[in-house]
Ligand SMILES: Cc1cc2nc3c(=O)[nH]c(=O)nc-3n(C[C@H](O)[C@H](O)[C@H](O)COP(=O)(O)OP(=O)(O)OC[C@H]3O[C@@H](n4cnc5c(N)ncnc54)[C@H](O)[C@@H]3O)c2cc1C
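Single chain ahead, written as structure tokens, the form predicted alone.
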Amino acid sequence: MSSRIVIIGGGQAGGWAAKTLRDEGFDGEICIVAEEVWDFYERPPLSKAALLDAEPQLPRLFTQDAQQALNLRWFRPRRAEAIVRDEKVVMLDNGEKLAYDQLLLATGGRARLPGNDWRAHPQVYTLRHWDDATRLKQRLAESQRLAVVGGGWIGLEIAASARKSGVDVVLFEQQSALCQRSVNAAVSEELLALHREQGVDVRCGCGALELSDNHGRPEIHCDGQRETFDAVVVGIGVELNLELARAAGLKVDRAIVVDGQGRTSDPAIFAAGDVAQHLRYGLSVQSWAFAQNQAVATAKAMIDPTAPAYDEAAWLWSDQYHHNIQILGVPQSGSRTVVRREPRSTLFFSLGEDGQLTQLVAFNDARTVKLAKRWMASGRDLSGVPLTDPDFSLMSLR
């Protein structure tokens, strides 16, 4: 067993890896290199409870006592500048050298912005860290009109939270449909209707946006029109923090290439969370479930080479207004979508040519999502099943 494991990244993946190492009996030194001062916390509440609660609390991964019991050596706020693989050393931004026996990269990503002028404006916000949420909550309390740039999951959640706070929202999306990269057209239309019902002014297909300043307030130029807002929140995805891995000569594709145990092209270096490429899909799966479950599997493999590989279907959820939306799987070309509507829920099943489920998007139906995970795992043929008939019991397919 290694005497020292270094984890670069203080987010959810790093936190679950550290806890799993201890749970599995690793009694060596665990060092955490983190750019934030906070203990491990979850990101999903940042666009919801952190903006809506009267006195929001840091959404800690573990209680203070559980965190203390992990017996970690923290380097924070610190940044890893380089990995010297032949010496098994991480170089920190203060010049310190941190030796490792095994290294885990859980570096996550940073919020993407359209350009430096957006970064420079004091009333343009992103939502990636606890401090971001604190700043945005304060601004929303002073705002009447908010622009949300980006019609993906984070943008939609921010729009929903702002509307619940009584703020007028205009949402700009460059693509022709909401969440276009992660769901099919029928789901995009459902999301559009949901937000328009709640009073969000949604503008899809708006093309490139420009930003200027109007007496301290941000002004957005779109299709020849100029509009001024109290604040702008940009939610157009993340740029993965892959620079360390690339500079160290690790194999990188859309993310860091890993095997089912999270091992990179260097057998002493592992990767978990957003920066680890999902084995099945060949892309970065940015979700709470992947950050936790793949990190747990990777940590087990770091101390037991016979530990089982991770290969779960992608799964994420989004809470918007009074709806819980769960997404299982990723869109695949050639799939056909069938819709099942019930009084309290709506289900969008995408089936491949072989009748197997490629994606399920469920509005307010967590029970069917659990069932669908089994269908995916077993490769069940659903082509002859009356999925759209609300009188047909899906539970009969267990």
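No experiment lies behind these values; they were computed from the predicted model shown. Sequential numbering from 1, following the sequence displayed.
Just so you know, the form predicted together with this ligand exists too; it's not on screen, but the next bit is about it.
When this ligand is considered in the predicted complex, only one residue from 278, 195, 129, 163 comes within 4.5 Å through any heavy atom, namely 129.
A single residue from the set 244, 209, 255, 202 has any heavy atom within 4.5 angstroms of this ligand in the predicted complex; that residue is 244. Relative to this ligand in the predicted complex, residues 146, 169 and 345 are all farther than 4.5 Å at every heavy atom.
Note on the interface: of 256 to 264, 72 to 80, 182 to 190, 117 to 125, the segment with non-hydrogen atoms within 4.5 angstroms of this ligand in the predicted complex is 72 to 80. The shortest heavy atom separation between residue 33 and this ligand in the predicted complex is within 4.5 Å. A residue is said to contact a partner when one of its heavy atoms sits within 4.5 Å of a partner heavy atom; residue 17 fails this definition for this ligand in the predicted complex, lying far away.
Although the partner is absent here, residue 274 sits close enough that one of its heavy atoms falls within 4.5 Å of this ligand in the predicted complex. Mapping the unseen interface onto this chain, residue 361 falls outside it, with no heavy atom inside 4.5 Å of this ligand in the predicted complex. Scanning 103 to 141 for heavy atoms within 4.5 Å of this ligand in the predicted complex gives 106, 107, 108, 109, 127, 128, 129 in sequence order.
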